[in-house]
Structures are given as C-alpha cells and as structure tokens.
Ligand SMILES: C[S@@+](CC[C@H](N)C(=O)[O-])C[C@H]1O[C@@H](n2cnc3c(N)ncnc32)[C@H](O)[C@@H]1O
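One chain follows as structure tokens, the form predicted alone.
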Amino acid sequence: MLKVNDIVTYTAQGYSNSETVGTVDGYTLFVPLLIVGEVARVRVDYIKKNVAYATVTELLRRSPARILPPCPYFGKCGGCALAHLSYSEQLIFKQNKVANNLRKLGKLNVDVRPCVPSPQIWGYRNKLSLPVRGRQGAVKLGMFERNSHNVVETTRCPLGGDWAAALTSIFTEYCNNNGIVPYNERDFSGVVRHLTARFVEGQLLVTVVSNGEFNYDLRPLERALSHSFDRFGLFINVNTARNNVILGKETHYVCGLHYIEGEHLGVKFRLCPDSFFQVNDGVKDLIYAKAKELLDTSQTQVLVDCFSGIGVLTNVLASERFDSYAIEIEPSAVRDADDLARLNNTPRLTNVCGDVTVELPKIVASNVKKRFTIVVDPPRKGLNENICSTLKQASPNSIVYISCDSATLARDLAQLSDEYAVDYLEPYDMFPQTDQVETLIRLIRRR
C-alpha cells in the first residue's frame, strides 16, 4: 500500500493534460514534468483512494524528445508545462490531446490534422499579467507556482520577450524606490495587486491594478517608461474585490497613449487596456484567415459571430451582401467593437451586448427562413445545450467553431452530431510551451 512520502519507481505510460499517468502497486499515479516512456523515481505527495500524485526525485530513463528548457524558472512557476519537450513533440502532444478528448469524451471518431505550429515559440505573448507580492522595499513580480498562489519571481519570462523583461524591471524598481506596499492575499492589505500590459506593433499599454485609491507619485514611473519605450500609455485600475479577478471595473487614464492602433488581416483596430485580444498575433491571424477560407458565404443572408470579443474576426467576415451580428457579453468589448466597426466603415454590422444563450435565439427568430452562417468562439466552458439547440434551429449549412478547450469541444460536437458532421478539424498552437491548444472546426449540415 502506498503512503505519502514513499519513493517508488514509476514509468510514464500516457498523458492526462500536461501530467503523465501510470500505475504503481494498483494506484494510478499522476506525475508532471515527465515524457511518456520515461522511467523515474518519484515521491508520493498526496493520495486519495486509489489515485496518487507524485513529483520526480530522479530521472532513470530519459526520452529522446527531452530537451533542456531555456527558462530558469521551469518547474518552479506554473506558466509552462511542456518546455522540456522538443517543439515537434509538443505539436504531436497537442494533436493527440485533441484526438483523445474527442474519442473519450465525445465518442467521436474524427480525423485530427497535425497541429499548426506557431511562427514564434518563445517571446510570442503580447500580453503580460503579473501578480505583485513580497514586502515593502522587496517587491517581487512573477508567476504563481503550479496549483498555488505562491509567487515565483520572474525577472525575465521567455514567453514575453524583451519588452516584458524591461517593463518588469522598471516597475519593480519603481515600487521599491517609492516604498509601495504590495498586496497581501491573506488579509487583503497592501496597495498594488497586479501589473498588466499589452505590447502590439511597438505600442505599450501599462495598467497598475491598485487595491483602492493610488496615492503615489507616478511621474518617476512615467520617466522610466519613456527611456525604454517610444510609445506607451499608463493607466490605474482600481480593484478592491476580495477575489482572484485581476481587473476591477474602474480604470483611470494617466498619460501617454489612450489606446493601441493597428491593422491585422486588413481590419483596423484599437485596443484599450481591458480589450480582449488573442495573446499570439501570428497564430490569431492564421486562424482567422483559415476561418474566412472555410466559410462559404456566397448564399449567406445572415452572419452571426458568437462570443465576438472586440470584433476583429466579425469585421474580417462581414460584407455588404448580408447582415452581420456580433454577440458579446462584456460591455467594454462591445464598445470597442462599435469603435472598430466605425473605424473600418463596416457595412450592415450590428454589435449586440448580451449573453449568447439569450441573444442568438432572438436573432434567429427575427430572421426566419433566411440562410445563416454562424461562427462560435466560446470561452473554455464551451457552449451549452440551449446554444446547441438554437444552432440546429437556425440550420446553417456550415458552422465554424473556434475552441480553446478540446474537452468542452468534444461535449459540444457530440450534442451537434445528429445534425452536423465534422468536415475539417485542425489544432493550432496558440500557446507554445504550455499544454493549451486552440482548435478550428468546420461543421457541415447532414441534411
């Protein structure tokens, strides 16, 4: 019988998300930071019934797919789970993850194409969100440990690149030089909770998330930023909620840029500090371009983009030949989407603020007997039974589904499978070095 702190020999037989899984003495063990086929000595950390969790103490047999991660924080912070795999092996891992979830959770036998690689596998993130912890005069910014809220100080995260390292250094020095007290989750004290930032096309937006009113002089921070960045904007966000949500509802402009301006796939956009925008520009453009290619809108009378964010994809797909609707529940994102539509003079586009479960049936009911084209790009929780039912009621010839969680994707495809067949399914590596994967799907109506 296994006991906590036992040291046992373990063979990694398969994957469960980023962890490997194997059996020892009748127990199912989950062990991170290994590769299938590797053998290791592991220490048992936790046991519940016949399931145990363990950590590696000694690697006995090494996989040829193992590499030395170029990140000094790997294994300490929870940001990357696959950096010990060669990149070609990461792509195979993600293809298999999608296929296994579809088969096991959705009971679907679907051809899964190879995972499309990211143009950049390091330094690809255009967004930074770091908790601020430590103590006055010894502030640290970093990433949370895996399955913990202990902060690992990361002065240079390889996923963010040079701009992120420079900003982290500037802000840490500013906090320490000005006696700023970092946030304490235990008693909800302290001033600065998070530092968030977005860097797109040479433009930087920095947001300091404050636990209440921010009374420190921001001019030293402004001067330091101006020495490293030609174009930047600085904001204060107030968040006094006692939860893990990063941003509060109140954001104040301080100086510099009001927003980031850019153009992707022929669509001009403006990003505010709280705008939703994919973190990997290169992969986002690949997915959106392919989505447009997959959609045959030659007979379309109504196009609906569900969970549309600020509306970049909606504007890529919209046309003067048909009415387009974009549904998004976050009011600030809808305001951004309205600005984006005006900026691009997009014809026949209506941005709708509301829940897709409520708003999609209204649009379908008001366009009876019209030919629909529908795109869904839901959050990790996926769709629900009501949305799937409305999709069937609208009866579009095709549906494009962009998924960020293949487990909920499998559930949703199973619900739609009586009327829709998977015609195209391809994973995209939006998040290299992590176990997360984006998937693009086209569904074709059976009848």
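Each residue number is its position in the shown sequence, starting from 1. On a predicted model such as this, the values are computed, not experimentally measured, just so you know.
Below, we refer to the form predicted in complex with the named molecule, which is not included among the displayed structures.
4.5 angstroms heavy atom contact with the named molecule in the model of the complex for L108: L108: no contact with the named molecule in the model of the complex.
Can you check whether F171 is within 4.5 Å of the named molecule in the model of the complex, heavy atom basis? No.
Does C71 reach the named molecule in the model of the complex if we count a contact as any heavy atom within 4.5 Å? No.
With the cut-off set at 4.5 Å between non-hydrogen atoms, does N280 touch the named molecule in the model of the complex? It does not: once the named molecule is placed as it appears in the model of the complex, N280 has no heavy atom within 4.5 Å of it.
Select from the listed residues E185, E293, E201, D355 the one whose heavy atoms reach within 4.5 Å of the named molecule in the model of the complex. If I apply the 4.5 Å criterion carefully, the residue I get is D355.
Only one of Y288, F232, F235, Y124 comes within 4.5 Å of the named molecule in the model of the complex by heavy atoms, so just point that one out. Of the listed residues, the single hit is Y288.
Would you point out which of 374 to 382, 412 to 420, 28 to 36, 48 to 56 contains residues with a non-hydrogen atom within 4.5 Å of the named molecule in the model of the complex? Only one stretch passes the 4.5 Å heavy-atom test: 374 to 382.
Heavy atom within 4.5 Å of the named molecule in the model of the complex - qualifying residues of 293 to 325: Read in sequence order, the residues that approach the named molecule (within 4.5 Å, in the model of the complex) are F307, S308, G309.
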